[in-house]
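Have a look below at one chain only, the form predicted alone, in structure tokens format.
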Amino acid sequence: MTLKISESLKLPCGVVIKNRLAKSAMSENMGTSFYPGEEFYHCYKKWGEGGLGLAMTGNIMVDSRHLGEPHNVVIEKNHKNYDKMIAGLKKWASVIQETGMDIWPQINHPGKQTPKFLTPEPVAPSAVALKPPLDKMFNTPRELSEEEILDIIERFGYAAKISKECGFTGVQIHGAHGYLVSQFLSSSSNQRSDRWGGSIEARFNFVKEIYLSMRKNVGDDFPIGIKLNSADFSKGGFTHEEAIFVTKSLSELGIDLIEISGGTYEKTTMMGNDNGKPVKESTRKREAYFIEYAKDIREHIKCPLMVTGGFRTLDFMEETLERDELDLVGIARPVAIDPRWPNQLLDNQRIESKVKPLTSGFKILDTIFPLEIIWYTYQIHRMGHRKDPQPKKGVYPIIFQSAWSIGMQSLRRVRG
């Protein structure tokens, strides 16, 4: 019997993904002065050899003045290490030819979700701060001007252009998890009264113009995808009904792939918890956190759908594909601790992922430190240095290491 996950997928633009297993974006945070080094090549080669059909990169920022993390890769015209940026991106993309795995850079702007030690004056649709206790680590943002909004849109288009020229096989807009695109879509963070705010139709304009700028730069035969929240899961935030409108509208514009996730820094649903509190047992039993929301969205779109968050068994992946609830199975943390897992699944080995919720045991620490992010980033760094992941690594060494790093960077104002 042929497994559904082993079937290829043809996108609207004509590109074919070799199977239905896709790595969702995870932060690498191992750039050097905003460009990718050999570590990115080694890490993604390991994932490619592990059997994935598609891999989304971690955040690639469009503006070196606005970073989500100290060691983000940046694609911009005035890059201070432009030649190294291009060389690093080409080397990274060469994994595609070596393993057959497609790689799509995830293009992003953090908006107000940039730590104080990185950006003293963050920007956002409106001057709305993150809620306590996160306001202790993130400054209140300044409202973007019309000119700045247009500049950011152009930057997204340029990043897509460079990605294509360097050999990547697609790009993804990060429109989820409370970053800038997500901020524009949410009425709680976007309180503008001009053409960029107000109704959901107006709040949609920012991401619509980003998509059109990218499409203009890469043409009709190059994949463009987007990662969107199924909802923010917070009062006054982006709703599921609004998500349906946005996904339907993007599908009609010609987008090639929509990935569904959910949550923000203030509501960490995408991590399988709510700021340290585990998800409901009913959610865990159905394995994929956002599958019910994705079913609604699927009824309104024409393009393929990818769902990420919570997939742990081959049986459930096969069931969701068999029921036509999605087209691509998004996995992230499982391949951070075992990059060979996709090949095991494709070989029909019923090996359940060993991913478990992480907690320090202290709610305040779990809220201030993005524990899931920094622990899995550590595993990615090991692969980047040609080492195997350490799934049994404790959380406290990672917390202390992160706290030390943040403190030193804050003192030195390290920006790359």
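Not measured: the values here are computed from a predicted model. Counting begins at 1, following the sequence as shown.
What comes next is about the form predicted in complex with a small molecule, which does not appear here.
**Student:** Identify whether the small molecule in the predicted bound form is within 4.5 Å of every residue in the set G68, H109 and F138, based on non-hydrogen atoms.
**Tutor:** Heavy-atom distance to the small molecule in the predicted bound form: none of the three under 4.5 Å.
**Student:** Is S261 near the small molecule? Define near as a heavy atom within 4.5 Å, in the predicted bound form.
**Tutor:** Yes.
**Student:** Taking heavy atoms and a 4.5 Å cut-off, does M26 contact the small molecule in the predicted bound form?
**Tutor:** Yes, M26 is a contact residue.
**Student:** Might R312 be said to contact the small molecule in the predicted bound form, defining contact as any heavy atom within 4.5 Å?
**Tutor:** Yes, R312 sits close enough to the small molecule in the predicted bound form that at least one of its heavy atoms falls within 4.5 Å.
**Student:** Flag I331 as yes or no: does it have a non-hydrogen atom within 4.5 angstroms of any non-hydrogen atom of the small molecule in the predicted bound form?
**Tutor:** Heavy-atom contact with the small molecule at 4.5 Å: present for I331.
**Student:** State the residue from F238, F156, W92, Y289 whose non-hydrogen atoms include one within 4.5 Å of the small molecule in the predicted bound form.
**Tutor:** Among F238, F156, W92, Y289, a heavy atom within 4.5 Å of the small molecule in the predicted bound form occurs only for Y289.
**Student:** Give me the residue from S230, S182, T114, T308 that has a heavy atom within 4.5 Å of the small molecule in the predicted bound form.
**Tutor:** The residue from S230, S182, T114, T308 that makes the contact is T308.
**Student:** If contact means any heavy atom within 4.5 Å, which of 200-208, 218-226, 186-194, 332-340 contacts the small molecule in the predicted bound form?
**Tutor:** Result for this chain: 332-340.
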